[in-house]
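In structure tokens, one chain follows: the form predicted on its own.
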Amino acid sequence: MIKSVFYHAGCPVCVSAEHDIISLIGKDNVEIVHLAEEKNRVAEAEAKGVKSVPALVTPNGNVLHINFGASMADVKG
């Protein structure tokens, strides 16, 4: 089964959205990627179309940007 991927940077907006996403679709249906801790996955997120975090990439490849927390430029530092 292909999971959705939730990318975030650990800010309060992102953490709140993470809890909501897990509550809505279930922990078994989403991979959580904390980009501040997994900087090696920033390029992956950008390649999938993530422009800001928090963002959810669905199994179909749609990118759902959720309540602007940080731009990818901010994440890259």
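Start at 1 with the first residue shown and count on from there. Everything quoted here is computed from the prediction, not taken from an experiment.
Quick note: we don't show the form predicted together with another copy of the chain, though the next part is all about it.
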Exercise. May I ask you to state whether S71 is within 4.5 Å of another copy of the chain in the model of the complex, using heavy atom distances?
Key: no
How about C11 - does it come within 4.5 Å of another copy of the chain in the model of the complex, if we only consider non-hydrogen atoms? no
Checked 35 to 56 against another copy of the chain in the model of the complex; residues with a heavy atom within 4.5 Å, sequence order, are L56
